[in-house]
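Presented below, as structure tokens, is a lone chain in the form predicted alone.
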Amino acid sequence: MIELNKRPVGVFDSGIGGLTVVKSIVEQLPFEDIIYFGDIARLPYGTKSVATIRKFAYQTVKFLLEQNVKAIVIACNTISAVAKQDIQELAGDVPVLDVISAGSAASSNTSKNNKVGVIATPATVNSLAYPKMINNLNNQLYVSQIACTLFVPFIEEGYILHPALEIIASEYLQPLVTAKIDTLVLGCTHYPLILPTLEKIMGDDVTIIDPAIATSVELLNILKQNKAINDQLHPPKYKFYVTELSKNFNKIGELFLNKKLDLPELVNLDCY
């Protein structure tokens, strides 16, 4: 049996967006081995039914548990919104962290005018997960949500700086500009990849919350509490698994992690 502190951290998402969470974890915990799973073949999750999302999440978590991970990070707001409880039950004693809990906590005390905006996939918006959790932490806040359906397909195709994306983003965000929010929560882990575009539209007076950063800090604290910090002296190992190869996966991963990555391994989840 591998010692607890030597086990990897498991991170999963519907595609490449969860690499923003991996980046934050690497910054907070530079010696941790990480296993990342991206269900690229079946994205986007944000427009699928709750039952389908739960089924996909169950399959992925079973795979990660077989890799003997010491913690599981749900690097997907859609899954966090509709399937966290199912995942916690399946994971048993393995800690489960999610971006919605961390992002809500980070944003609850940020707004000065009590107006918070959330941009996310339709499934996350329809779940009302962010407004409920943010208001549980601070009931003085008015939370406006916008479903940005087209962002994920653009990002997955690598159109991060495409002029069409800025036009679409301006249309999506205009109600939040009109509402004069002063805090914007990125309710999808893909969205930090288009942060310059979002900052340009929202302006300097709006604080943008990236839940990936808050999640990585929470992971650090949990591993400390469990005496599970990896103290290895050699470079960490990063393993990537996907359900379909993407031409942009390694490109974005290497940009974020500042190192050459091996090609991800293909996994068939039908047997889980």
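Throughout, we count residues from 1 along the sequence that is shown. The structure presented is a predicted model; accordingly, all values stated were derived computationally and were not measured.
As for the form predicted together with a further copy of the same chain, it is not shown, yet the points below apply to it.
Of the candidates 162, 112, 132, 180, 162 is the one whose heavy atoms come within 4.5 Å of a further copy of the same chain in the predicted complex; the others do not. Think of it this way: in the predicted complex, a further copy of the same chain has a heavy atom of just one of 41, 213, 206, 220 within 4.5 Å, and the residue is 41. From the list 152-160, 102-110, 191-199, 89-97, the contact stretch for a further copy of the same chain in the predicted complex under a 4.5 Å heavy atom rule is 152-160. Against a further copy of the same chain in the predicted complex, the set 28, 250 and 263 makes no contact: no member has a heavy atom within 4.5 Å. The closest non-hydrogen atom of residue 56 lies within 4.5 Å of a further copy of the same chain in the predicted complex.
Interface membership of residue 142, defined by any non-hydrogen atom within 4.5 Å of a further copy of the same chain in the predicted complex, is ruled out. Contact annotation for residue 244: at least one heavy atom lies within 4.5 Å of a further copy of the same chain in the predicted complex. Among residues of the shown chain, residue 128 is not one whose heavy atoms approach a further copy of the same chain to within 4.5 Å in the predicted complex.
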